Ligand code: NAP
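Shown here is one chain on its own, the form predicted alone, set out as structure tokens.
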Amino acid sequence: MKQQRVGQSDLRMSPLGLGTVKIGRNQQVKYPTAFDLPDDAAVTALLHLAWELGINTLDTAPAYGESERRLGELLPQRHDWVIIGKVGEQFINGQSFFDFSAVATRQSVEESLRRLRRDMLDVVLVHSDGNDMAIIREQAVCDTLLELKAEGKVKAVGMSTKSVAGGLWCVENMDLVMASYHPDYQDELPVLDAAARLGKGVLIKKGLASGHADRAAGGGGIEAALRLIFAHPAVASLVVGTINPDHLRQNVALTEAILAAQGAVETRRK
């Protein structure tokens, strides 16, 4: 897959990114079927396969259980990946805890660097609890992330938002935004449109509706979701979490076919 520049940053991401919650946590998740955490051999094989298929982007978070630690121990070509991390949420003993203070933000970044065995994080997003504007107005996390970027510990910062207002603020004031968008949920389309106007990068989460877009789960189909997402010019990367190698291959093949068809149409228009 051809990597794409993310907004005005120097980052280049594969259009499909691999979400890693399923290698670290299987409690209180919203997928249509339950799953067991894969063993180290399966995780290593999945990461090698993703790299071979052209994926260079991984999404993780402290709230994803053992995901960061396992990536730090098992990731091949460790420093060649673009890793999207987060701050603000911890998942402990089956429950989420949120802290958006300056102290917690700095500590979270330092701990992520240690677990991932890196000197710098490519992207760090605020892991919103749903109260985007309260976090932005009342908490220190956004300013602290900008400070950490200036200190060279983070390349790009943003927020994984849950509201249009939060997404629009993020587009205007930070490097990139992670927004939800799929055929059955397009409320945050104004965020994508604003990002396109301002030249900011957009990462898409829940693009396959946490697996519910699959026809087998009663959805409208994976291909329809991918076509909608990649039709928007602001989309830099769609993060899809899977531990199934066949699903990963299928997602990559569909993505490449859709992007190739879009490229052919654009060429004919020119």
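Note that residue numbering follows the sequence shown and begins at 1. Keep in mind that this is a model prediction, so the values were computed, not measured.
FYI, the form predicted together with the named molecule isn't displayed, but the following is about it.
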| item | value |
| --- | --- |
| Candidate site Ser160, Ser210 and Thr242: all three near the named molecule in the model of the complex by heavy atom within 4.5 Å | yes |
| Heavy atom within 4.5 Å of the named molecule in the model of the complex - the one residue of Met178, Leu71, Val154, Ala195 that qualifies | Met178 |
| Contact residue in the model of the complex, chosen from Val235, Ile222, Leu47, Leu53 - any heavy atom within 4.5 Å of the named molecule | Ile222 |
| Residue contact check: Gln262 to the named molecule in the model of the complex, 4.5 Å heavy atom | no |
| 4.5 Å heavy atom contact, Lys200 and the named molecule in the model of the complex | no |
| Any non-hydrogen atom of Pro15 within 4.5 angstroms of the named molecule in the model of the complex | no |
| Partner contact for Asn251 in the model of the complex: the named molecule, 4.5 angstroms, heavy atom | yes |
| Residues within 4.5 Å of the named molecule in the model of the complex, restricted to 64-96 and counted by heavy atom | Tyr64, Lys86 |
